[in-house]
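One chain comes next, on its own, written as structure tokens: the form predicted alone.
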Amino acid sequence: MVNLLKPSSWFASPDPLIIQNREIFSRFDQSRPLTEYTFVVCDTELTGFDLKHDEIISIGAVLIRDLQIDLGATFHRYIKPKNTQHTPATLIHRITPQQLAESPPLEEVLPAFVEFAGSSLVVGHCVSLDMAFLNRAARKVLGGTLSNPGIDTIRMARGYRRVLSGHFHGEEDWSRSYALEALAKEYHLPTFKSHDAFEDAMQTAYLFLFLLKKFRKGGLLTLKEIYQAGRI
């Protein structure tokens, strides 16, 4: 916590994990083949969507190496929040305050997740929401935000549908759902339990690999080519 009466604390150095994270991505190269990147597909469960007041109560993640899910490299933790009251979100994810009473605090779980993510690109379904909460937590616990580039599977799905419809620059067809479970059903992917951080991360990993395979068939072989095409 910043001590306003102690100027030296206003600009405290970030945690070594944040310094290392920044160094890794200061040399980030988008031009390598997709097979050379490692991806960490992650999801969070929250007490709500208010970034100022709500908290992360679960983080789930799995690594993708060589464009394959690595089931030997998974991460799933529950987190005891500061606010231990029920919230409307409890009805969605069904994780009760009682279940979290013995869980470790954010100060213990977040550094472990940052180490797990390492030099991987972060993949998520509406990844901006997860990254907003993770970065707020990182600022509080580690003194800085994460530099891992993010990839959103919703943007990928929108790009894929535009290609299929031939409307590359037309208006989006929002009559069809971009919900994770709906896309999994549409593309005949294995299905996982919704609103569980780890199972949603697994579902997202299957969707990500499916869409990536389609893009590669279309001749987009590097991360830079996919970024330039506006597909992620």
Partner chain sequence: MTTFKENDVHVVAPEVAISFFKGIMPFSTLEEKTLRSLAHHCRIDFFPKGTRILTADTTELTHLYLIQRGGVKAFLEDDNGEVTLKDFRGEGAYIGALAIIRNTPANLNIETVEDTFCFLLPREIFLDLIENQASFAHFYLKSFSEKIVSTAYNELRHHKIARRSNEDLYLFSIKVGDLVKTIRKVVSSATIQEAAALMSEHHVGCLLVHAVDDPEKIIGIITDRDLRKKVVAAGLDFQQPVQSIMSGPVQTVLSQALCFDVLLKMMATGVHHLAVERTGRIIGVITSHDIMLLQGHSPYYLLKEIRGQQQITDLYPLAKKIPEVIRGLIGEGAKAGNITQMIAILNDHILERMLTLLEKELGIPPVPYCWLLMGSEGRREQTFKTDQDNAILYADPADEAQREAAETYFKAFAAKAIEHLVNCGYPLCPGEVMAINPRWCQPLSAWKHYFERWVADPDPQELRYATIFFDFRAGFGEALLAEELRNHLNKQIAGRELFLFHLSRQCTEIRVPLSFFKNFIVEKDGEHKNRLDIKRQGLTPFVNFARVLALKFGIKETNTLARLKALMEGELILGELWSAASEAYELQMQQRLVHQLRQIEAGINPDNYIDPADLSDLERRMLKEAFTVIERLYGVLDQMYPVT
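These numbers come from a predicted model, not from an experiment. Residue numbers count along the first chain shown, from 1.
From this point on, the text means the form predicted together with its partner chain, which you will not see here.
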### Query
Does at least one non-hydrogen atom of Gln99 fall within 4.5 angstroms of its partner chain in the predicted bound form?
yes
### Query
Even though its partner chain is not shown here, does Phe133 get within 4.5 Å of it in the predicted bound form, heavy atoms only?
no
### Query
Within a 4.5 Å heavy atom cut-off, is Tyr178 in contact with its partner chain in the predicted bound form?
no
### Query
Are any of the heavy atoms in Phe198 no more than 4.5 Å from a heavy atom of its partner chain in the predicted bound form?
yes
### Task
From the candidate stretches 77-85, 150-158, 136-144, 123-131, select the single one in contact with its partner chain in the predicted bound form, where contact means a heavy atom within 4.5 Å.
77-85
## Note on the structure
Checked 193-220 against its partner chain in the predicted bound form; residues with a heavy atom within 4.5 Å, sequence order, are Phe198, Glu199, Met202, Tyr206, Leu209, Phe210, Lys213, Lys214, Lys217
